[in-house]
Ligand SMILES: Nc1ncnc2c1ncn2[C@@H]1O[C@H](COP(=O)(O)OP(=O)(O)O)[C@@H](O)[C@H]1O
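The form predicted alone is given below as one chain in structure tokens.
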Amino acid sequence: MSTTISEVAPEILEHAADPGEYEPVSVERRYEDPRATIDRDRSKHWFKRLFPILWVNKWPFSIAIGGMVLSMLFGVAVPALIGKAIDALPAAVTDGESSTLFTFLGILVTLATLRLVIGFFAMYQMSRVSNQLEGDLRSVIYNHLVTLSFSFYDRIQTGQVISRANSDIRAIQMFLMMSPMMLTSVLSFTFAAAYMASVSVTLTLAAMISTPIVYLLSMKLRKLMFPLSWLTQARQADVAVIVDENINGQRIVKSFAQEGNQLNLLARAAKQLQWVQVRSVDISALYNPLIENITVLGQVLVWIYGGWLVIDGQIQLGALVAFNMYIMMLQMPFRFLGMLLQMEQRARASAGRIFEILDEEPEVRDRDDTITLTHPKGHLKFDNVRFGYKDEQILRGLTFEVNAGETVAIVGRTGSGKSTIVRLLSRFYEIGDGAISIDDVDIRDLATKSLHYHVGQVLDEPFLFSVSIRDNIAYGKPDATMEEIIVAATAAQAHDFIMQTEDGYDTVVGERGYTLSGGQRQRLGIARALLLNPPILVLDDATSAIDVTVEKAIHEALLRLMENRTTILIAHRLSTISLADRVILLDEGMAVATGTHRELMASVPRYREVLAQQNRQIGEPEPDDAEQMDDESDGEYRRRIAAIVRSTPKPDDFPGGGAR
């Protein structure tokens, strides 16, 4: 087992180092972290969980709410003033007392102007707050996504993540922008009802006779719309998944002539989305007109009963006119209520889908007292490691060591766990049992950024971003000079084909680098690793798609790259195995044999069988026909290449290079 932290030599380790030290980003930071995150209490209402993100904008939000309330108060005062002006009109006409009438008119113009200015400013502030909340929530989701373990991405579809980070956030943003308008309409309802009650209680009751019916209909609508809102967001995500897979998998779709089948899949998903949306429209078309128009019943009663009161002299005509204007304010919350309930249900469903991501806990976490490697020697040890994906056990007590500076090839059948070793060494997954150590330090005691900084990887299918070739090579070292980038590309045998592209190093590759061949992408991946120059290097079948002639030239660079550093080769080709000092044979998740290529060929039949099977798959000569390669594997091949590469630059020779 690995030694304890206290037993490790202090010159190798450094405690409590700044994690940012190991972020290889030397460019100016242009983003801001979200100022708040959601409430982690899952028992709370969805809005309460989002409230911390909203509350960081409390001042502009409060100003917006205050402005909307003030604008509403000016609006509530208008009908009463109009009623007073109507009552003053006879005196102005018969007695010539027009000053009172003009006073009311002047006040009305002033209120209208103030309401316009304040209402505009309030809506502007509310729009800013809602869009800021959208941006903060998007940042919260992305910041959380980068902390999640690979196991999360193994079980979720890309389209689902994209949908939740876009349309679901927009649904919440729209609701939070519209809900204050509902608040002000409720306040206007309260003030209007108070004024109406001061004029005539019975007439007010007649105007509000439909309110209980509207409430019951609104609650029924809310109950029906929530499951439909959830389904709508889920179906939209399903469509996004199909579109994403079709775009990224166009080569497969076309090569198997499955365009029609994929269109059928999309049509089926779109049909399911259409059914949910049509069902939502059907319910809205039934309930919203009822909610909006049933209030007309109160208006009819006001005109009939109020007219009788005016004739009887119990109220003035101006009061009746004001009453009818206030009825519009009574109706406004109910006009908003149906639409707002639909938005609230969609926002609630969207929040639930977002919380499914934000409530996900990463399986791989830094411990409280992490340490960082400063100058690792590179001694690796797998001690009885057990690991499986879900219910499928992959590694069953894997044990082996790699000495500092040693190059080891790992060979095994498909599914034996070779690539899993790479993922566990970088701690992309948490091991089930056993321990993995670097220089006798358990990797679970290391800060993950420190671990990733010192363990470089070149995968069989390197991921390229849709940016320039230069930026892809310099991804791990954005401040690299052009000279460093060219040296790395030349060593990886990529410089010549780069210069043949339209814009050279400024050529923008297509999404995932699909405008380049597989071999070209692998060479750029190798150049990226050469530039970063890590002390521990893992090559996961990194030259599988490269022509044999080009591969030999790349091996020249790799021999210099592997010099004085620990290297693990996940190998299939004999030419790659020949680069190794030692070979480890993997079978059913265990290391069953180790030795040089010649030793294993002579004494381990299973090793010979694995090579024969792999060579048939890639079209190389089988071991029986590969005596020359077998002889070269004891060192002849390495010595021949070493003689060639003495004149080629080492990574240490790079401008600003050298092992970190």
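Residue positions are given as counts along the sequence shown, with the first one as 1. Please read all numbers here as calculations on a predicted model, not as lab measurements.
Not pictured, yet referred to below: the form predicted in complex with the named molecule.
Task: Contacting member of T567, Q233, S416, Q493, with respect to the named molecule in the model of the complex [4.5 Å, heavy atom] - done: In short, S416.
Task: in the model of the complex, the residue from Y389, Y124, F102, F463 that sits within 4.5 Å of the named molecule by heavy atoms - done: It is Y389.
Open item on the list: If contact means a heavy atom within 4.5 Å, which one of 469-477, 345-353, 417-425, 438-446 is the stretch that engages the named molecule in the model of the complex?
Closed with: Heavy atoms within 4.5 Å of the named molecule in the model of the complex occur in 417-425.
- [ ] Check whether E259 has any heavy atom within 4.5 Å of a heavy atom of the named molecule in the model of the complex, and answer yes or no.
- [x] Outside the cut-off, so no.
Task: 4.5 Å heavy atom contact, Y195 and the named molecule in the model of the complex - done: No, Y195 sits far enough from the named molecule in the model of the complex that none of its heavy atoms falls within 4.5 Å.
Task: Touches the named molecule in the model of the complex: L537 (any heavy atom, 4.5 Å) - done: No, L537 stays farther than 4.5 Å from the named molecule in the model of the complex.
Open item on the list: Using a 4.5 angstroms cut-off on non-hydrogen atoms, would V214 count as touching the named molecule in the model of the complex?
Closed with: Outside the cut-off, so no.
Task: Whether Y142, I156 and E360 all lie within 4.5 angstroms of the named molecule in the model of the complex by heavy atom - done: Verified in the model of the complex; spot residues all out of contact, no.
Task: Heavy atom within 4.5 Å of the named molecule in the model of the complex - qualifying residues of 392-409 - done: Going through 392-409 in order - heavy atoms within 4.5 Å of the named molecule in the model of the complex - there is one hit, I394.
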